[in-house]
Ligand code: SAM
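This document starts with one chain, in the form predicted alone, laid out as structure tokens.
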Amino acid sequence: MEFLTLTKTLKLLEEKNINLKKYLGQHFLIDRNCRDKTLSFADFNEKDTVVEIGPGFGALTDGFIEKVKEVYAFEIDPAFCEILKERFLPLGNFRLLQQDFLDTPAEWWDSMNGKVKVISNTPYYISSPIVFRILELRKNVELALLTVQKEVGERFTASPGSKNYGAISVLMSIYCHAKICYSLKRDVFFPKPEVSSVAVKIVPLENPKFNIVDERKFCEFLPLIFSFRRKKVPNVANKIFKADKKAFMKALERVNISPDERAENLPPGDIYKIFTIINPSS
């Protein structure tokens, strides 16, 4: 299919009288080699069902649509939807959903025949909400390949002790294998973003590394325990959760966690132990 270079993208914008919406984080991939390299990490085949989030004009779409069984594209911009219909509906395996990916009910995902691959040149402002939603839907997802802001990608894949290690890093480690596959320079996009990007591949694990009884409570707990990441855990527990410091320190010792530890240095398993101390019924 025809790849939309910068010249062709500008011409299309002019022909269709489209003004880009900065608040939606609309950046188009205009380098074909970079596009193809990024998509290579998804390992597409003719049996795949792909869910694409925010395809825009279809720069990613036209790189894989002829290799897969079917594509479900979520796009909220009406002008982009008209272009996507013109470009891809004639192929027969393209389904356009003019709605927000984040609002799609679990029932829709359960109606899919098998697991899907999720692909997105992700709008920066919703990168984290998209990943949290993918984690919720992990039993329906074979893999996700997302281009995100470099700093965000580093948070997704961070290890204990890293400056980027936090709540999302813990969840990723428990439920998925995530890695940064490829770095994308600013000038492969139009308009040129202010930050660099990376392609992150996320593969949900068949089973989480350990069982979490109350996932909702644990997800609410994580940002709180990291809110004072450099303070010792007993001080954070006392300040945020009003835990009795002496009793909490004794509980830490029972699960082999030093009271001198800080959340930023603790592996996910120890973070969960702290959660169960603060929420004993969970």
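Everything quoted here is computed from the prediction, not taken from an experiment. Residue numbers run from 1 along the displayed sequence.
Same protein, other form: the form predicted in complex with this ligand, not shown, and the subject of what follows.
Annotated contact segment (heavy atom within 4.5 Å of this ligand in the predicted bound form): 58-66, selected among 58-66, 228-236, 250-258, 36-44. Though this ligand is absent from this view, in the predicted bound form it lies within 4.5 Å of a heavy atom of just one residue from V198, I126, I174, A167, which is I126. Interface residue among Q99, S162, S183, N93 relative to this ligand in the predicted bound form, by the heavy atom within 4.5 Å criterion: Q99.
By the criterion of a heavy atom within 4.5 Å, V51 is excluded from the residues contacting this ligand in the predicted bound form. In the predicted bound form, F221 stays away from this ligand, with no heavy atom inside 4.5 Å. Shown alone here, D77 lies within 4.5 Å of this ligand in the predicted bound form, counting heavy atoms only.
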